[in-house]
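The form predicted alone is given below as one chain in structure tokens.
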Amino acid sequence: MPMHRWSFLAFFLILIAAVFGPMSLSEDPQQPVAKPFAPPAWIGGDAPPPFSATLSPADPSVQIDWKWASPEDLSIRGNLSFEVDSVSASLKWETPGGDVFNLASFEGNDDWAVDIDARDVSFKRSLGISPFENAANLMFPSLGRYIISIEGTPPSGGSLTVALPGGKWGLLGTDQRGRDVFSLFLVGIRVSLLVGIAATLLASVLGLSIGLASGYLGGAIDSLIMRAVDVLLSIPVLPILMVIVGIWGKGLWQLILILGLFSWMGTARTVRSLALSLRESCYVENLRSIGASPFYILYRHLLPEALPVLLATISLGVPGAILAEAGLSFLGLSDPRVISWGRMLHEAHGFGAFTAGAWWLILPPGLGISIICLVFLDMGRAIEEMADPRLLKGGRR
């Protein structure tokens, strides 16, 4: 039976991933988690993993056992508050060799905001090094145990987060901004499915309505509608979509509406052909002879006949909508705030992932688009076989 095809199980799994995958993420996928272009953890070799720790009144000292080369960056961010009137405290960094660096001083005020980045020129000058030198090399001169602590007046509240970007990360590494590619991939499933299904449903409803009306009414109305369809089919879609997106905006719902308005013509022609063959049938002639209205005939009789064909058309139309969205996103014509597979490929291309050999930015969205299109194509074929069992005689494809 067609329902036993692999594509239905695959679609069910993809749907679960689209619904529950983004909900399972503990952090915002837009936030950096490691250094840019960090490879996946399973091929990262001897690169250090990311490190994060928190300094607080309950734990004012953190030890870092460092077994790798100097990291590319170090950041310390947060807020500290003190209850006493006269504050005299400092943030110290101690190396395994006994060298001590004063990273920040807290004197006078009872509330302090800390925002330290080892790449900042002001921080480098506070350590007494050139703006062109790497402060992380000075702070990590060798392997061993490093200690960062709050000394002097103890804080009463707040916390500081110490973060070291790793040289490898997670299942699929990071992108050019240091974001987790696997998290972006999960969010992109939802966007691709939403655009593909919503745009195809809109196009199918328009094509079904216009095709039934054109095929049943016939005459001048049919000729006028079909000439309009011919004109729309002769227009190159991609340049028109680019112009409309540029004028109308790059929002997600604008993109869905644009794709739906320019994708209904094939459905209209298919449904019109079915309506032309059914309007001359005996039972439709009998309905007209007893005074049934055209709306009643279309709604109660022709529409149920067209539904199997419509379901197959929807399944076959979703891949086209997904590919159109991916193409527009790859060209930079989508909302940059919306994470999609096409947007991931656009950013990977724009930031040199192709030349840098960062395949983990290219293969996941590319394979995702290919697999989801194949799933819907096979589902469309299965629905066609259910609507017309004669297709099974030639064997499954």
Partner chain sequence: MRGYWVRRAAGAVAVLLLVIAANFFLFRVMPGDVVSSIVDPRFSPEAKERMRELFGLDLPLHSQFFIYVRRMLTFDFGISFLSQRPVWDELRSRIPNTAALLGSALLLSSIIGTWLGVKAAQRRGGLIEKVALVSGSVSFSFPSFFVQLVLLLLFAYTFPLFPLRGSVSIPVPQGTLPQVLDYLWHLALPAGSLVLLGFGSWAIYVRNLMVKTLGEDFVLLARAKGLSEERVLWNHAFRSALPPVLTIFLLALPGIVSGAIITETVFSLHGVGKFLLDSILGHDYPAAGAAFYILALLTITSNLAADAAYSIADPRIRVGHRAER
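It should be emphasised that the depicted structure is a prediction, and the values quoted were computed from it without experimental measurement. Residue numbers count along the first chain shown, from 1.
Separately, the form predicted together with the partner chain exists; it is not shown, and the next lines address it.
Student: Would residue 331 show up as a contact with the partner chain in the model of the complex if we use heavy atoms at 4.5 Å?
Tutor: Result yes; residue 331 sits at the interface with the partner chain in the model of the complex.
Student: Flag residue 57 as yes or no: does it have a non-hydrogen atom within 4.5 angstroms of any non-hydrogen atom of the partner chain in the model of the complex?
Tutor: Result no; residue 57 lies far from the partner chain in the model of the complex.
Student: If you check in the model of the complex, is residue 10 within 4.5 Å of the partner chain, heavy atoms only?
Tutor: Output for residue 10 is no: heavy atoms all beyond 4.5 Å of the partner chain.
Student: Using 4.5 Å between non-hydrogen atoms, is residue 47 touching the partner chain in the model of the complex?
Tutor: Although the partner chain is absent here, residue 47 would stay clear of it in the model of the complex, with no heavy atoms inside 4.5 Å.
Student: Please state whether all three residues 35, 37 and 131 have a non-hydrogen atom within 4.5 angstroms of the partner chain in the model of the complex.
Tutor: Per the other structure, none of 35, 37 and 131 touch the partner chain.
Student: Exactly one residue in 369, 338, 62, 41 has a non-hydrogen atom within 4.5 Å of the partner chain in the model of the complex; which is it?
Tutor: For this set of options, the contacting one is 369.
Student: Going by heavy atom distances of 4.5 angstroms or less, which of 326, 203, 268, 74 would be at the interface with the partner chain in the model of the complex?
Tutor: It is 326 that has a heavy atom within 4.5 Å of the partner.
Student: To test your reading of this chain, name the stretch in 110-118, 303-311, 318-326, 273-281 whose heavy atoms come within 4.5 Å of the partner chain in the model of the complex.
Tutor: Only one stretch qualifies here: 318-326.
Student: Mind listing which residues of 213-238 have a heavy atom within 4.5 Å of the partner chain in the model of the complex?
Tutor: 231, 233, 234, 235, 236, 237, 238, in sequence order.
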